Structures are given as C-alpha cells and as structure tokens.
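In structure tokens, the next block holds one chain alone, the form predicted alone.
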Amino acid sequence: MEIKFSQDFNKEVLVINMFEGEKTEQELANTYAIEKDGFEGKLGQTYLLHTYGQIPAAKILVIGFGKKEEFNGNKMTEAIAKAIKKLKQIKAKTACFSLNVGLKYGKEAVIGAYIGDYAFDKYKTEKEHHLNEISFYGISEEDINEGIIFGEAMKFSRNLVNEPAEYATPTKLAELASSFEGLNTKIYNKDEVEKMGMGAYLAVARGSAEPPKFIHMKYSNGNPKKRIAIIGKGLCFDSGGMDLKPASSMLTMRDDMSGAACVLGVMRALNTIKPQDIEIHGIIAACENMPGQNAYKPGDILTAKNGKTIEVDNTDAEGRLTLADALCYASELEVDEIIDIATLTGACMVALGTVASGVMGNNKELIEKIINTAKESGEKYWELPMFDEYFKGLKSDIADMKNTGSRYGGASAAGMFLKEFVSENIKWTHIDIAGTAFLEKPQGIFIYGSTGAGVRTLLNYITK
C-alpha cells in the first residue's frame, strides 16, 4: 500500500470525517448521511454512499470522529484503522482521505492505516485484499512521512513475530540485524558469549540444535547527550525445556521473541528518523528453549555474567535468565538508561489481561515517562509494585537466588529477579508484554496475531 500526501480526489473513494453534532465538508454526505439516515458520527462509525458522478470520486466514505472536544491522536488511529477495514471490505483499490482536523495527527492517521490494512497472508494461497494507494489531505505532510516510518516499523515487527519458528531463528534475527543501515552491529557466537561469562543465557540455549546469537546494534548521531540501551527478549521458540509446556500452550510460542522483534523494528527505523545527540544500543540474547539431550535441568546452578549464581527452579522461567546476562552486558556499556521489553510472565497476563503491559523499574521518573509515552502512543502500560518482599520467594539454600518463587505476585518477583543484574547507578525499566504482544482473537483494531507491542512507545520515547 502506497501512502502519500495529495489532494487528488479522483480516486475510487473519498474518505471524509465527521464529528458528532457537526456537518461534513461535503454537502452530498450531509444530505444523505445526516439528514436522511441520521448518521451521528460516533467514533469509528462509517457511512458509505455512491456519488453518481457528482464529484470525481465514485463513492464517499464518512468516518465518525466522535466528539470534537474529546478527539486526540489515539482516536485518530482508531478511526482511520476502521475506515481502512471498511475500504478493504468493499474491495476498494484507491482512496483519498480529506480530513478536517487542522493539520494535526498525521502520524497517528498513517499508523492507523497500517494497522487497518495489516494481514499476515504470506503462507496463504488466496491473499487478502489490500489497497494499492491512499492519499491524505488536511494533515501535516511531515507527520505523514513520520507515520510511514512508524507504520513500517510496526509492520516489520508484526511480520517477524507471526513467522513460524522455523523461519525466525536466532540466526535469522542476527542476519536481519546485520542488514540494517546506519548501525554498528556485532553478532557474538556461542564461544564468544561463553568467554564473556554468560552462563545463564547459554544454559537456556543448550538444548536446541539452533545456535544462540547475541546481537548488539548501536546507533549514534552527533555528540550523545543521552545513552540508552533497549533489550528485547529473544526466545525464538519456548517449549518450556525440561519442564515442558502442554501442547496447547506451546502452539503460539513463536511469539516469545516479541520483545526482540520490537527492538529490531525500532533499531531498523533509526537510520531513517535520525534522532540527534543520542546513542541507542539494541541488545538481544537470541536462542531457543528446547528439551534436547544437553538441555539444562531443574536443580542446575548457573552463573550469570556478573558472577551471581542462580538455582534453576523451573526451566520454563527461561526468559529472565537470558535477560539477566543481557542486562549485565548493557550495564557495562555506561549507558544512562536501560529499557527491557519481554513476554516475560503469565502472571502479568493474569493481572492485566490482554489490555495492558506491566511496567517496573528502579527509577520512578523513568517509569512515569515510559507510561506517559505509551499513553500518547496508543498503548496502555500499568506500573506493578517492586516491594522487597517479592524477592523472598526467590531465596535459595544453595545459590544466590532461584529463577522462580511463589505463584503469587509472579510478575513482580520476575522484576525483582531482573533488578539483581542491573547496575545500581543506571536507571532501568522493565516492560512485560506477555498479554499484549500476541492476540489469540481480534481485539479492537488489531487482528489475530502479533500487535507490534512496544514499537510505537519506544520510537516515540527515543525521538522525544
């Protein structure tokens, strides 16, 4: 789908907006939609009519924007996504959006178009219908171009998570990272990782025939005033290891690298956005968790990069082990902030469902910034507590800690575990996207599968 800035109304469909209680810019739409059929313009409502040659477009699609005083960027994204879904339903090929919003929310409009048009049909013989071209008028051209960058980043991330695990291997993630322009990328193999002392990460990888790949991408532009490391959990497939998951729970475990896909999507976009005076490190400890003959076992003692020892209580709590060594590595880069994003705990999903991601960390100001950025980006984040008591369940009789504790407060306990591997002088935030990264049924404007969780939030945080 090509997206551009244009006032070319000679398209199949002219899409216009309508606020509740107001008229549209097209009298034809006012006559039929409002006066004859009582169209109210509630958010996401649509009304389609034929023009019969009265204007250059063959049809007009009216999209409701809701109450004008309540309208914002997130509602723009939702409305445009629903308009695109309607255009796909009627098999339209081209459309022009003429929006009466005063040059605002162009980025959000384009992101909505990407979300509405998205479908993962790579492996289907019968492909879904997609629009060939849409144009926008009435919003900022600069915002439209930025929206395309954000939309492409989300699409890249969603596609990667939706791919089967036989495609999205650690090696494939490393190949993709190495192909991104404008980055200084280093891929560490198993032997190099072993020399760095990443015993927790390597233990998780031992059971798989797929070799682990530790990925470090670096973006730097100008004289950095801030240095940020973003870490994505990169479990390309999680069987649970020796503590094997039930078959039904294993079916969608290709999504356990959603954090890694988010980081890859963000880093891929940076050379196009070119944020100034900032240094960004994208880090992924990519591997698979499989019950092979060399797999790590319950009761094993692992030594992380910072020398702390971990008793394996459950091999299915593997993501925190890979993140532990990644956090140690990032702490040695002398960054100002570390943000990790991971499909980490079912406990977070129990607490917050598929609606919100959980956030924890060691710095209140950074946590609030991330939560506020998410809100502005159309994502919902909720802070979870990190009381010292949550670490008590991780106490081990034979090591510094266990990798799991009580079944209660599991998301916070996992956060307390990760905290042990972050330098105290570095601001750190952990984002648990276990419930929001992958949907098993449509929700809101998203279809089944990956949602690209975290991409908009992290890109907005970095660029601001």
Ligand code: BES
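Don't overthink the numbering: it's just position in the shown sequence, from 1. Remember, it's a predicted structure, so these values are computed and weren't measured experimentally.
The form predicted in complex with this ligand is left out here; the points below concern that form.
For this ligand in the predicted complex, the listed stretch (179-187, 142-150, 232-240, 299-307) containing residues with heavy atoms inside 4.5 Å is 232-240. With the partner omitted from this view, the residue of M349, A119, A165, L366 that lies near this ligand in the predicted complex is M349 [heavy atom within 4.5 Å]. Between the options N314, N132, N223, N294, the residue in contact with this ligand in the predicted complex by a heavy atom within 4.5 angstroms is N314. The candidate spot formed by N159, E379 and T451 is out of contact with this ligand in the predicted complex: none of the three has a heavy atom within 4.5 Å. When this ligand is considered in the predicted complex, I431 lies well away from it, no heavy atom lying within 4.5 Å. Proximity of D256 to this ligand in the predicted complex falls within the 4.5 Å heavy atom cutoff. Using a 4.5 angstroms threshold between heavy atoms, E288 stays clear of this ligand in the predicted complex. None of the heavy atoms of T322 is located within 4.5 Å of this ligand in the predicted complex.
Residues of 264-291 placing a heavy atom within 4.5 Å of this ligand in the predicted complex: none.
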